[in-house]
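Only one chain is shown below, in structure tokens, and it's the form predicted on its own.
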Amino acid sequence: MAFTLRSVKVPPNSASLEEARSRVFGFFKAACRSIPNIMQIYNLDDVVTTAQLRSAITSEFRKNSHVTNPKVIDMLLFKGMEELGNITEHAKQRHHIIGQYVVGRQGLVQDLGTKDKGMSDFLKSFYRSNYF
């Protein structure tokens, strides 16, 4: 497998909060514009729609909406650009994308009530006492 090493060009630091905000909005537009390409690369049409993927990206941005320090915003922006670059260059596999952006960080929702069905009282108390 051939791998090309590219130098990552770090943009200059933002001078003000407004400049950082404009960079964030530009990156958000670039991320949203790359969604159709990502859907095609990872064959995500059967798992998620473009609107759901866009809302996942929006929620990632809103997690850090409280940050007001331009240096921190620049660092988060750099990390986001690196993540988008890894995704568009196919450095991740399909299950990574599904796990991080489709299913979410919490994981699959598990139905905990159905596992006790058909078990004896002894097993129920044993499992209850040995789960930490």
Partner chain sequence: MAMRAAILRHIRIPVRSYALEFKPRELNLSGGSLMRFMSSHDEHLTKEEVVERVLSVVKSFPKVDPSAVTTDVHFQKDLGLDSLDNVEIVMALEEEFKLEIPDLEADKIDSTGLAIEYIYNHPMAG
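Numbering follows the first chain given and starts at 1. What you see is a predicted model, and the numbers here were worked out from it, not measured in a lab.
There is another form of this protein, the form predicted together with its partner chain, and it is not shown here; the text below is about that form.
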In the predicted complex, does every one of Y42, H90 and H96 come within 4.5 Å of its partner chain, counting any heavy atom?
no
Which pick from N69, S55, N37, N86 sits with a heavy atom within 4.5 Å of its partner chain in the predicted complex?
S55
If we define contact as a non-hydrogen atom of the residue within 4.5 angstroms of the partner, is F122 a contact of its partner chain in the predicted complex?
no
Report yes if any heavy atom of K79 sits within 4.5 Å of a heavy atom of its partner chain in the predicted complex; otherwise report no.
no
I'd like to know whether Q100 contacts its partner chain in the predicted complex, with contact meaning heavy atoms within 4.5 angstroms.
no
C32: touches its partner chain in the predicted complex, heavy atom cutoff 4.5 angstroms:
yes
Who in 62-81 is close to its partner chain in the predicted complex, meaning a heavy atom within 4.5 Å?
R62
